[in-house]
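To begin, one chain is listed below as C-alpha cells, in the form predicted on its own.
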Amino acid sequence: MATEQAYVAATRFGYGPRPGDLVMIASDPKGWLRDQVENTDLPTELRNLGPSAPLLAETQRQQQGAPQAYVKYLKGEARDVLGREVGRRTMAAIRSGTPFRERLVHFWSNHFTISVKRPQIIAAAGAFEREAIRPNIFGTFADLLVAVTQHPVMLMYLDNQFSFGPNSPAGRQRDFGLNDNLAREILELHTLGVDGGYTQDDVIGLAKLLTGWGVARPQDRSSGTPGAFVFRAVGHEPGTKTLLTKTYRQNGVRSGEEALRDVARHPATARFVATKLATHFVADEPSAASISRLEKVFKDTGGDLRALTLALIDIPETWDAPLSKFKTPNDLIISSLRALNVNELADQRIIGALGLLNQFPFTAPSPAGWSDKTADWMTPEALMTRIEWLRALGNVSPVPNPVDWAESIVGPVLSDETRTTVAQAQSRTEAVALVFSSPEFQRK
C-alpha cells in the first residue's frame, strides 16, 4: 500500500511516481533513494549524443567564416543539436528508474549554470552537463568544481578564453587583458556565496590563477584537440598570486586547480552549498537545523557529495512536510509525463512544453541559474499557462479509470475534495486535467 513517505521519496527527491511506483517504494522509501546514490552511468537516451570538442570546433570554424553562414549554422545545425540534447535529457528523466539521480544532475547543472544565450556554446550545452556534471555528482565537490571550471563550455560562457595575464607574453602583445567574469562567478555563485567573505582582490587573484585556461581553436592543432580545454602558458600571469590570504607559487595549470580545491573546501562553501541543497529539497526557507546538518557533513567529509546526498535523505524535516515546495515547470512537465506512463514523446513536443512554460534548459536568465522559490513561479500568468498545457495532456495517454489512476500517483496526499471532483468529472480527459491542476499535484 502506498504511503506518504513513499510519496515524499518519489516526488520530493525524484520527479514523481509512474503508476505502480508508490506501492513498490512503500516498503523502504529511504532505501530506494540510497540505492540510487551509487553510479553515474549514462542513461541510454544520452548515449548516442556527441562530445563537446568537435561541436565547439565546428562552431569556431563557422564563426571564422562568412557572417551569414555562421548565423544560419547557429539557427540550424547548432539549434538542432541543442533540441536533441534537451529532448533526450528530459526523456531520460521521464523514463528513469533512478529519478533521484536525474534530479541531482539537474540540480548541479543549475548550480553551475551555463546559457545558450551565448551563441558559441549552443551546440555543446548538453555535452557540458554530460561531461562535467553527471560523472561527478557522487564524487567530491572539489572534483566537480575543477571539472566544471575546466570545461570549454564554461570557459567560453564566462569569457575566460579571452583572459590574459597583464604581464604574460600574450598579454603584453595583445589588446586582451584580465577578464574576471569566471573568477567572480566561481566565488559568488559556485562556492563561497555573495556573503562568503571574499574581496575584489580575491576575485582578481583567482582570475590571475585561471589565466591561460582556454579552448583550443581549429587553427591551433599543435596546442591540443580543437574545441577541448587547453592551458596556454604564454597567457598565464607570471609570479605568485594571492587568494583568501594564501599565496600560490607559479605552477602553471596546477596552481589554478589547487586554488579551486582550496575554495571548494572552504567553510563558507560548505554553508553556501548546504543552503542551496536544503532550499531545493526541503523548503523555500529551510530550517537552520537542516542547513547546519548538511554543512557539518560537508565539512567533516571534505565536500564528499555522496555523503552529503545520503545526509540529505535523513533530514527529518524533508519527510515531515510533504507539500512544502511548488513544482518548477521542469518538475511539472517531467512529473506529469511520468504520471501518464509516457515512454516516448517527440523531441519537438518536449521542447515546445519547456518553452511554453518558460524553463527551457540552458537558458537561465543569469549565471545564478533558475530560481527554486515558489514566488518566482506562482504568478497568475504562469499558472494559467500551466493549466492550459495540462488540460491538453489528457489526450497524450488515455487513463482507463481516473480515480484509480489519481490514487496511484498522488493517493497518499490526495484530499477528499480533489477525489470527489475527479470522480464527478464529465470525461476522462477532464478528470486527468483536474488531477494535474490540483494543489496536491502542483506541489512536492
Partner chain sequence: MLTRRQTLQHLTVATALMASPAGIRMAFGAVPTDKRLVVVLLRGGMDGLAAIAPYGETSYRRTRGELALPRPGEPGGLVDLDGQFGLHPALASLEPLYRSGDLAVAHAVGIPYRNRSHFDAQNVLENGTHLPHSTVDGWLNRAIGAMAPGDVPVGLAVGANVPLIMRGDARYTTYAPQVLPDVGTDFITRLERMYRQDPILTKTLADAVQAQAMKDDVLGQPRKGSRRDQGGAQAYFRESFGAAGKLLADRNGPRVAVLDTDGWDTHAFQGTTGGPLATQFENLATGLTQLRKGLGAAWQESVVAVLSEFGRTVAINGTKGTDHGTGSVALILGGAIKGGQMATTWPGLDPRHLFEGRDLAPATDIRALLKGILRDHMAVPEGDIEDRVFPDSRYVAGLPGLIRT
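Numbering follows the first chain given and starts at 1. Just so we're clear, the structure is a prediction, and the values are computed from it rather than from any experiment.
Missing here is the form predicted together with the partner chain; even so, the following discussion is about that form.
With the partner chain left out of view, the stretch that reaches within 4.5 Å of it through heavy atoms in the predicted complex is, among 22 to 30, 35 to 43, 49 to 57, 412 to 420, 412 to 420. Across the proposed site, E77, H106 and L332 without exception lack any heavy atom within 4.5 Å of the partner chain in the predicted complex. Here is the short version: of Q219, S366, T247, N343, the single residue with a heavy atom within 4.5 Å of the partner chain in the predicted complex is S366. Taking the partner from elsewhere, E257 is found to have every heavy atom lying beyond 4.5 Å of the partner chain in the predicted complex.
None of the heavy atoms of D143 is located within 4.5 Å of the partner chain in the predicted complex.
Looking at L383, you'd find a heavy atom of it within 4.5 angstroms of the partner chain in the predicted complex.
Taking non-hydrogen atoms only, D262 never approaches the partner chain to within 4.5 angstroms in the predicted complex. Contact annotation for 305 to 341: a single residue, F326, has a non-hydrogen atom within 4.5 angstroms of the partner chain in the predicted complex.
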